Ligand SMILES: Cc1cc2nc3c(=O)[nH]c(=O)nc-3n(C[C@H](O)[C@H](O)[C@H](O)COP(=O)(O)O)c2cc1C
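One chain is shown next in structure tokens, namely the form predicted on its own.
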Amino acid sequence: MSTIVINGSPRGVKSNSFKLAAAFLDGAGITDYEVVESAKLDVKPCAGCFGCWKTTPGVCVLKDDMAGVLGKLKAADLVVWAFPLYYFSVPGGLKNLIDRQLPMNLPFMTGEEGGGHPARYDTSRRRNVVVSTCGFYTAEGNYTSVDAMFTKYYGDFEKIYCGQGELFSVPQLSSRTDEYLSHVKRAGAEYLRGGITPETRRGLNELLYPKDAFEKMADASWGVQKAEDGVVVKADESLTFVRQMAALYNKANYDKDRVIEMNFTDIGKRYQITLTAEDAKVAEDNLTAADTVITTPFAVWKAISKGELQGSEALMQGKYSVKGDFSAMLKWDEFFGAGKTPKPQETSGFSKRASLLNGANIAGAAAGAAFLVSGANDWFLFGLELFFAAFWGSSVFKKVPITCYFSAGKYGGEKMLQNPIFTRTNRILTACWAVEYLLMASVFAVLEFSNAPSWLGSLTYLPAPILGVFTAWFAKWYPARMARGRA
């Protein structure tokens, strides 16, 4: 299949609209295609002389790069038109290219409604796909002129219009934009199989971020602000950064009023973000007592936000520190990660294993208690507790300690297994529980060699609830201690 991409963006292949076009072709399995960069071509505006109709039929009198483009258009089986929306239409360079297709038509009238000119060449086999991004929060209502133009030129065509297009160039938002690109890839695959499905279409039409969040981010991204006298002045880069972060606040995940302070040590700037049930507000003056204080070089926090540094690893390495309420860090992605309520996680191998381990642990404890009440041989109970001690103890040396499976669900699920603070905390707790099982096994062994009544073995279960309380406390205290740089 002969395929060309008419890229109308002045940014070329680095443009956001081209990212969508490339994803579409990738999904379609088309790797052999040519990109025509309209911004780099010498394509003059149409002179309106109609020489291509009268004097030199099918040949433009202007001698520039358009002759080569016409040859590619005539030979193409699939044309992908990629461009950003400029003043509710196509960029000027692309409009020149579109206008200069006049030689591909005959001068005669077709008699169709509204008027038209017949094609000079048979291009009935050719399919057209229009891929475009715009800077508004939604594409809806902003492509009226584009739809009218391409419908007039090509009749039926496929289209993917995406609002919030500038977000595709922001590394900090890649998790959301990559999700959208996956819908575009699926659309490419389905297009060649007969058409984009309604389910995929819903994914393509879904807003990247809610209207309020996007518009706040967009306003902050310009890096300017109004001074007291109303004059627009350039805003500090760090302030722009914090404002964009606050714009992502998802109030649906509000739990309590919080004041989070960002202390950027390398540039001497401090800002506070106040999270309430209604909004997130940024303050650079008149700062109050903060619930959570993050002390970090601005360069480090930018690298974390771009995904160049893993936040928890950077914290363990002492590249930044956290004082105060550490729960804000555990819920960071919920507050600022996606700008919308996270979707429920699907059942995975991780969650199934967690359920299995939890069930096995409860069953084992219940079996031990039942055997104890029934007066079972202490050697049997010794063996049972020794098994649990070995099972938990060996887990201490594995990549994922067993207690991770019991607690990860509270903090975002399987992704927490990549958090070294989380795994270190659970490694210590797993070791504590292994020791507790070992002590229980030792007590049963002693009872077997003594004349003490067997019911005294029930005392071995008293440390378990105490250790449970310790576990709940330690799971909060130790990460906060590490965040303060004391571990």
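Predicted, not measured: the structure shown is a model, and the values here were computed from it. Don't overthink the numbering: it's just position in the shown sequence, from 1.
Another form, the form predicted together with the named molecule, is not on view; read the next lines as being about it.
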| item | value |
| --- | --- |
| The named molecule: the contacting residue among 184, 85, 280, 220 in the model of the complex [heavy atom, 4.5 Å] | 85 |
| 134, 248, 94, 384 - the one with a heavy atom within 4.5 Å of the named molecule in the model of the complex | 134 |
| Segment assignment from 298-306, 160-168, 235-243, 98-106: heavy atom within 4.5 Å of the named molecule in the model of the complex | 160-168 |
| Distance check, residue 476 to the named molecule in the model of the complex, heavy atom within 4.5 Å | no |
